[in-house]
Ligand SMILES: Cc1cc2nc3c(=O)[nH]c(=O)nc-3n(C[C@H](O)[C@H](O)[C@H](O)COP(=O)(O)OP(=O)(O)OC[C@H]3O[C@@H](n4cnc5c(N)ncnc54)[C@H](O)[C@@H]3O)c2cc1C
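The chain below stands alone and is given in structure tokens; this is the form predicted on its own.
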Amino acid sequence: MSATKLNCDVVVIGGGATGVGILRDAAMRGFSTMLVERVDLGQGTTGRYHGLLHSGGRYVVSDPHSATECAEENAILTRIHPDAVETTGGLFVALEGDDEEYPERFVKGAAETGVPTSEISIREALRREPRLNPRSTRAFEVLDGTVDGWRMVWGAADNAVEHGGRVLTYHRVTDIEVTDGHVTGVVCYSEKTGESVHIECQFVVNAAGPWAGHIAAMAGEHDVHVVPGRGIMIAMNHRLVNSVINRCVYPADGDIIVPVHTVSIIGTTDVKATDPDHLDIEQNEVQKMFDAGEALLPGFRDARALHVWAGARPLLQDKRVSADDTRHMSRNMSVVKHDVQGLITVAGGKLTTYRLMASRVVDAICEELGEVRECHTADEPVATGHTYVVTHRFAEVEQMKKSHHGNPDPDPIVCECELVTKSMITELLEKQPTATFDDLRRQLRIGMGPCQGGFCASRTAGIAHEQGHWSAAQSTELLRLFMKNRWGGLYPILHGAQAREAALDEWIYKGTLDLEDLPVTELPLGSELASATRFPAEGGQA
């Protein structure tokens, strides 16, 4: 098969927040730019974190430079991403038994780094957060917020396209071409069509996150040592808190609870991983999260846990600490120019500083060209409107159901947890005929509510088959893969009534649908994605 030929000035590898930010920035500065991503946008580290928009408070003692950058970028992202950011505010609280000197270091660090904070009384803290541990000893308010990472990334990508950028998802890079010491092109394999795509270019930006070392090696650069720092997070049903709750201690495991949309997320651990495509979830880490949550919010263990997952931070190896000590490696961003001209690697940083990282990368491109092109990404809003807090569909679906009251329902609800109707599924499949089950999950939130796909997944597979998008065999395989991935994030946290519901779900799929014994066929191209969650851990017991 002959390769599709494309050309542009800059190819960005990696569709996380940083990669999309670079695409947008470069396109706004007039560069012809393409982004290639092996799966969908925001499916790596960006889609696997706790949703915190940093105020900078977390780093005022451990990483002052990052603290200042976070404080400055917090204000910018809140302004340009109003549809993705919720300005919840946050609290840092010290508990009985914590290091009594740390709060003073926190206050001093905040003043030195420009992170706005002020101490409030415990009585006021409990008024704002009634579930907070009444044995808290000190409380400080900060400007933390929460972020819908997918909405942020999709918004930035749409804005980049408006400025002439181009996005190629499900395009896996297989080679970077170098001629006379300068990058000249990128070769990709389209996971959904099976075709080869060749892109001629002057610059390649390696924004592949924890996979950046692998990408750099394709161009012959073998000195990029990115350490994947694995962290687990658990989503709890309902908003247990109104604002972000941080424990006022040196950064540690389970010291933050973030309210995002309808859930609260506790995180995180920090352990060096060997393979960012296969991240284990250890049972002792799950218990550590529950213990930490119980300390901040008594009764936390009694709340319903929905799902546990793991993500990998892309940390450039820090020679000041042990090679395994990802907790204390710097979160600073790094923009690396290589001996191979035209190749730039970006790593480190946080989602909160994605825009700043992008601007420094494009500045480096301009410097190499000897040109001056101003960055305007902080000035032009990515989107308008505001983000939703509880559910963005309640009013729309309620109005539709009222108008059809007493008549046959022409558009039944398929996913009761997230209020997804049949027409939402069919319309998305019409726009994206090659969409997989996981594409439907991210864009419609199917299977992300309390039932975790127990009731809606089989209905969705049936609709996709009924509409002619998936064959019967494909529907079976996609359903089998989807439930496997959903259950992988359930088993480590099951207990009580939730365990009984999971047993019911398992009976439905294995007892009535006989899912395990149906004939096995090949999955549609692009649907077998690298798993980022593995439970039990390799060699462990479930």
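These figures come from a predicted structure and were not determined experimentally. Start at 1 with the first residue shown and count on from there.
As for the form predicted together with this ligand, it is not shown, yet the points below apply to it.
Practice item. Decide open versus blocked for this chain after superposing the C-alphas round the site and placing this ligand the way it sits in the predicted complex; the blocked call needs 3+ ligand atoms within 2.4 Å of backbone or C-beta. Key: Here the site is open.
Practice item. Can you work out whether this ligand is within 4.5 angstroms of a heavy atom in all three of 209, 268 and 351 in the predicted complex? Key: Result yes, every residue of the spot touches this ligand.
Check your understanding: Looking at 304-312, 289-297, 450-458, 413-421, which lies within 4.5 angstroms of this ligand in the predicted complex, counting heavy atoms?
Key -> In the other structure, the partner sits against 304-312.
**Study point:** Contact label in the predicted complex: residue 481 to this ligand, heavy atom within 4.5 Å
**Key:** Although this ligand is absent here, residue 481 would stay clear of it in the predicted complex, with no heavy atoms inside 4.5 Å.
Exercise for review: Answer for residue 108 alone: is it within 4.5 Å of this ligand in the predicted complex, judged on heavy atom distances?
Suggested key: Residue 108: no contact with this ligand in the predicted complex.
**Study point:** Contact flag, residue 29 vs this ligand in the predicted complex, heavy atom cut 4.5 Å
**Key:** Residue 29: no contact with this ligand in the predicted complex.
Check your understanding: Is residue 17 close to this ligand in the predicted complex, meaning a heavy atom pair under 4.5 Å apart or at it?
Key -> Yes, contact at 4.5 Å.
Practice item. Heavy atoms within 4.5 Å of this ligand in the predicted complex is the criterion; list the residues of 51-79 that meet it. Key: Those in contact are 51, 52, 54.
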